[in-house]
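As structure tokens, one chain now follows by itself in the form predicted on its own.
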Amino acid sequence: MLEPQAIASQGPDFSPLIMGYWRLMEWGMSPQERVAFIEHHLELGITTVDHADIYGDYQCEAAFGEALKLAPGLRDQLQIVTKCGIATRARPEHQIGHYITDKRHILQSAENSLRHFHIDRLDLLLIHRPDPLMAADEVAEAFMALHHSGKVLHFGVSNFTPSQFSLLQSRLPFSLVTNQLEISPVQQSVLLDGSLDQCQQLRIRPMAWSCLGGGRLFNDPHFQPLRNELEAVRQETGATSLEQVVYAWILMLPSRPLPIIGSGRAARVSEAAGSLNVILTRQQWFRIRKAALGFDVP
């Protein structure tokens, strides 16, 4: 069973793998099936769940909340993460998709999430995307109000550059605890752009989304050389799947990311949990890097 780990000096403790629910509405589960699915990943030690207000055209939080209402005892076993700050055209009042990070919107989004989940506190709230119109003082005011009220325990960001992260942090009396970033062999930009360096510097652990490249890793002909290398490493390490090798590759990063699992299949979630037992050598790690990028180190 996976053990919880601190993701920042001021907390919280999260499971080393995170269950992502952004595709929940595609899984076709009844509320009772959602309860069983949550119970399954809790048994594995995957206690942290990742949401956002916009997931499933604004439906995923409420669908997850239906399960928590059926089995309220699950709530205290979970750490619930959600995000806000994107307005999509799924709502008729939005003529175009845009970002919105003013104080009023953040406060209302948090209240909406609490209502959808049928809970009285969020463990972690993230700003979903950098907003060119973000006023750092206003975001900080919203965060501090939610923190003071006890409605949100911790705060972070998602997809922020190091300078954007530092700007918001400069306005807060407490630490942002994570930056949720896209990390995978097919998306390696954050490995060298300073984002993961900042996480190491501040001793905060990033959350890693789209670890499998949104499925492109397994169905894009362009990545056949990468699949070949992953299969070779799988055989060398005794891993049971290519997915395990990919998660192990991400877990080897010294910023110690927390990979987000996106599958609604219980067997694949169980398999992902086994990735923490897959240990790569430095040579194997760089072989995967080269196979993904198509070139060796300079």
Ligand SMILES: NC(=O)c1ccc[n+]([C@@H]2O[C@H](COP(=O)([O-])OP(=O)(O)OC[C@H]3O[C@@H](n4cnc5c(N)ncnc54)[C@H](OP(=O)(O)O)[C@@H]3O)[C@@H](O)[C@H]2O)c1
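This structure is a prediction, so every number in the text was calculated from the model and none was measured. Just count from 1 along the sequence shown to find any residue number.
In what follows, reference is made to the form predicted together with this ligand, a form of this protein that is not presented.
Visitor: Which of these residues, Ile38, Ile260, Ala273, Ala239, gets a heavy atom within 4.5 Å of this ligand in the predicted complex?
Guide: When this ligand is considered in the predicted complex, the option within 4.5 Å is Ile260.
Visitor: Looking at Arg129, Arg171, His105, His98 here, can you tell me which has any non-hydrogen atom within 4.5 angstroms of this ligand in the predicted complex?
Guide: Checking each option against this ligand in the predicted complex, the one that comes within 4.5 Å is Arg129.
Visitor: Mark Trp22 yes when one of its heavy atoms lies within 4.5 Å of a heavy atom of this ligand in the predicted complex, and no otherwise.
Guide: It does: once this ligand is placed as it appears in the predicted complex, Trp22 has a heavy atom within 4.5 Å of it.
Visitor: Does this ligand come within 4.5 Å of any heavy atom of Asn159 in the predicted complex?
Guide: The answer is yes: Asn159 has a heavy atom within 4.5 Å of this ligand.
Visitor: Determine whether any heavy atom of Thr178 comes within 4.5 Å of a heavy atom of this ligand in the predicted complex, and answer yes or no.
Guide: Contact with this ligand, no.
Visitor: Heavy atoms within 4.5 Å of this ligand in the predicted complex: does Tyr58 have any?
Guide: Contact with this ligand, no.
Visitor: When this ligand is placed as it is in the predicted complex, are Ser210, Glu243 and Arg265 each within 4.5 Å of it, taking any non-hydrogen atom of the residue?
Guide: Each of the three qualifies.
Visitor: Could you tell me which of 265-273, 38-46, 64-72, 226-234 sits within 4.5 Å of this ligand in the predicted complex, going by non-hydrogen atoms?
Guide: Among the listed stretches, the partner-contacting one is 265-273.
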